[in-house]
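Shown below, as structure tokens, is a lone chain in the form predicted alone; questions about how it binds or moves come after it.
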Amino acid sequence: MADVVVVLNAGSSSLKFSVFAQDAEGDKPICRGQAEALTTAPRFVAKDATGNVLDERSWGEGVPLGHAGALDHLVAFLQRRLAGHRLVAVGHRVVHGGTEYRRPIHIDAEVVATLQKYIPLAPLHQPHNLAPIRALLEQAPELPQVACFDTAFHRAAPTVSQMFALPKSITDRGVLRYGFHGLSYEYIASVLPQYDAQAAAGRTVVLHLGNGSSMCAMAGGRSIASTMGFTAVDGLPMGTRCGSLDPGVILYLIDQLKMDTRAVEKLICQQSGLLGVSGISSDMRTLLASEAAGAKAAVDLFAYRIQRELGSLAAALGGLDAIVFTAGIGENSAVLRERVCRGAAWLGLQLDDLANAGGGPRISAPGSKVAAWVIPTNEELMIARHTRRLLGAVTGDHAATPGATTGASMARSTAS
């Protein structure tokens, strides 16, 4: 009987999951998938570790499945697929850990109450991250749960890099540059020595480029500075988020366009970025395939902002040994990688065109002063590792009832 950890990542309209079996060699993926479009046209898909479809279902238009319904379906799937395994814990991605949480933590009601305070700082993520946690705490309190935070990796950054030039009375309320995508950066830091020992020990900028995008300067595998700040809207333009914005623009929207705070929030979080600039799509693949002027403008702005931030982060590091591309765009768009690397020639980066077209992993030319890599991220595995280490789950110390199916404890959370 293998022990398993379930990793959950709940978004605004999706519930992603991964299942890892645990043994003395570490965490091995069994299956993964997601339920998406939960409030419009829900659909579920699960695949095994090699990508074969294990289960899929669509509920059709106008069926508001919601997170509770998605969790029900997931539990039923796990009971069928993983009968005989033993669920030892559930690990959760939680976007914001504030100033309190610098590392993963075992979840209880007090922790949830604290995390509730950070909803205004991550309104697109935090409420949904907490929803399955609450459900499991209420209905299956014996089931260990662990919260892993996107902000935690950046908490050790220099104090000056976390500060805004605001009065201390406001800073003391937690108005700081937090940084996000920390689980992705932590994973890259953990595997970078396998690719480039010099970069791992030296000065590296990691580019997490996806629908949500950010960059992180790392020295010796530790966060020094990040493009994201107080919220995950800051920094680079993203799929629908505007990125860095002069605060005066917000005042203008309020004073001159008479927009209230909710309208401003919707604008900068859901209607801007690649979607807003292009007027076409938030998907980089669609924009790169389009000949429309708006699509070109959005791609140009995205690449330009990356180049600007790369210079800033290299300055924060006092030099640069390597850059790493990761996440959806970073791992899959050779065109975007080429744009960035060409723009970084002044730093001593020379691109190997053939290696880049092939996806790497090393895409810099021999003799390049700055190395460039493409390394797939794995936030789910990072969460599974944290969960196992925190709870000692590999030994079964916190296991569910022996002989129970993997879904048994989770099933109790949705039985009503």
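One rule holds for the numbers: they count along the sequence shown, beginning at 1. What you are looking at is a predicted structure, and each value in this text was computed from that prediction instead of being measured.
The same protein also has a form predicted together with a small molecule, omitted here; what follows describes it.
Enquirer: Ser290, Asn332, Ser312, Ser161: which sits within 4.5 Å of the small molecule in the model of the complex by any heavy atom?
Expert: Comparing distances to the small molecule in the model of the complex, the residue within 4.5 Å is Asn332.
Enquirer: Exactly one of Ser282, Ser223, Gln145, Gln126 has a non-hydrogen atom within 4.5 Å of the small molecule in the model of the complex; which residue is it?
Expert: The option sitting close enough to the partner is Ser282.
Enquirer: Using the partner position in the model of the complex, report whether Asn211 sits within 4.5 Å of the small molecule, counting heavy atoms only.
Expert: Looking in the model of the complex, residue contacts with the small molecule include Asn211, since a heavy atom lies within 4.5 Å.
Enquirer: Classify Ala152 as contacting or not contacting the small molecule in the model of the complex by the rule of any non-hydrogen atom within 4.5 angstroms, answering yes or no.
Expert: Taking the distances in the model of the complex, the answer for Ala152 is no, it never comes within 4.5 Å of the small molecule.
Enquirer: Is Leu192 close to the small molecule in the model of the complex, meaning a heavy atom pair under 4.5 Å apart or at it?
Expert: Contact with the small molecule, no.
Enquirer: Against the small molecule in the model of the complex, would Gly328 count as a contact residue? Criterion: heavy atoms within 4.5 Å.
Expert: It does: once the small molecule is placed as it appears in the model of the complex, Gly328 has a heavy atom within 4.5 Å of it.
Enquirer: Exactly one stretch in 341 to 349, 203 to 211, 228 to 236, 315 to 323 has heavy atoms within 4.5 Å of the small molecule in the model of the complex; which is it?
Expert: Heavy atoms within 4.5 Å of the small molecule in the model of the complex occur in 203 to 211.
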